[in-house]
Ligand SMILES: Cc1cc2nc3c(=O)[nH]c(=O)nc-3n(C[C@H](O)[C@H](O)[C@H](O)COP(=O)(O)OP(=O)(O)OC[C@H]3O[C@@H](n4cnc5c(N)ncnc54)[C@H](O)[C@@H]3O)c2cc1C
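One chain follows as structure tokens, the form predicted on its own.
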Amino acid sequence: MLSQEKIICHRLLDPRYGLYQLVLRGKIAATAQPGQFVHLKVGATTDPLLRRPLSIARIDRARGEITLFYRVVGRGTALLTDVKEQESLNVLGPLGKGFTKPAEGELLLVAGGIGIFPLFSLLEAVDRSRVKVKVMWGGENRQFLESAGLPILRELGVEYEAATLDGSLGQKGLVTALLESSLHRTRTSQEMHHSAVAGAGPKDSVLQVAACGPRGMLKAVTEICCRQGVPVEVCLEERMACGVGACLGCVCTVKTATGHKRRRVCAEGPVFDGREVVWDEG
């Protein structure tokens, strides 16, 4: 759906990291789902020709608003910084296949850097009276995490663990180490429970993982989950041109019952079952 969305808020979050928040009001919020994205026209002319994809971070259906966050990384996002509140943006969306929203059990959200952005919408969509949710987030340092969304996690009152490369917040190192430790503790606890009750009592809570971040992180998250027998969905970050599956510029390879197949990240994704993605394709 092509829509003219009104800019309600556009602000710089942190000049050190080029992080911005953009709130749009229009038609897209009515049907947007966690994990989907929008394709923005960032210039007033055909230069640049291609739109820029941004994950939908928050969805407020009552107000008809979606929140986007972005980091300036090139000419397109640099042009986007010039748009003003009360102006409108030409937006294509919502696009793509989003996350599976669990109705019960436990959900671990694993983010690397700005990969936290699409996970905000999943966090807010889940019924936390029925689903136990925990966030694990890795980034450069405390300042980056504070700028990119820690206040939102605190506002929502969700349990979270952090990992920073410099050790300035949480555990020093990679977020994958947090995930591995958490799944190991969960498995140990379940084994102790089975041993104590000899199979009686309630069934183990269903656990699943949703992740977004750099490809290397997503590969590691998938490998950890596979070793522990935990289902995992990953939101892939790929360069996109058309955004609607026509140009085949953002394909990835997945495993199917009949062999390896090519899938369009913008149309069949960006969310995939991590166990089906071929991570080491040449």
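Fair warning: this is a prediction, and the values are worked out from it, not measured in the lab. Sequential numbering from 1, following the sequence displayed.
This next part talks about the form predicted in complex with the named molecule, which is not shown.
Visitor: Just one of 218-226, 62-70, 252-260, 24-32 has residues with a heavy atom within 4.5 Å of the named molecule in the predicted complex, so point it out.
Guide: It is the stretch 62-70.
Visitor: Report yes if any heavy atom of Met136 sits within 4.5 Å of a heavy atom of the named molecule in the predicted complex; otherwise report no.
Guide: The answer is no: Met136 has no heavy atom within 4.5 Å of the named molecule.
Visitor: Flag Gly76 as yes or no: does it have a non-hydrogen atom within 4.5 angstroms of any non-hydrogen atom of the named molecule in the predicted complex?
Guide: Yes, Gly76 is a contact residue.
Visitor: Does the named molecule come within 4.5 Å of any heavy atom of Val230 in the predicted complex?
Guide: Because no heavy atom of Val230 falls inside 4.5 Å of the named molecule in the predicted complex, the answer is no.
Visitor: Examine Phe117 and determine whether its closest non-hydrogen atom to the named molecule in the predicted complex is within 4.5 angstroms.
Guide: Residue-level check for Phe117: yes, a contact with the named molecule.
Visitor: Using the arrangement in the predicted complex, list in sequence order the residues of 228-253 with any heavy atom within 4.5 angstroms of the named molecule.
Guide: Sequence-ordered list: Leu236, Glu237, Glu238, Arg239, Met240.
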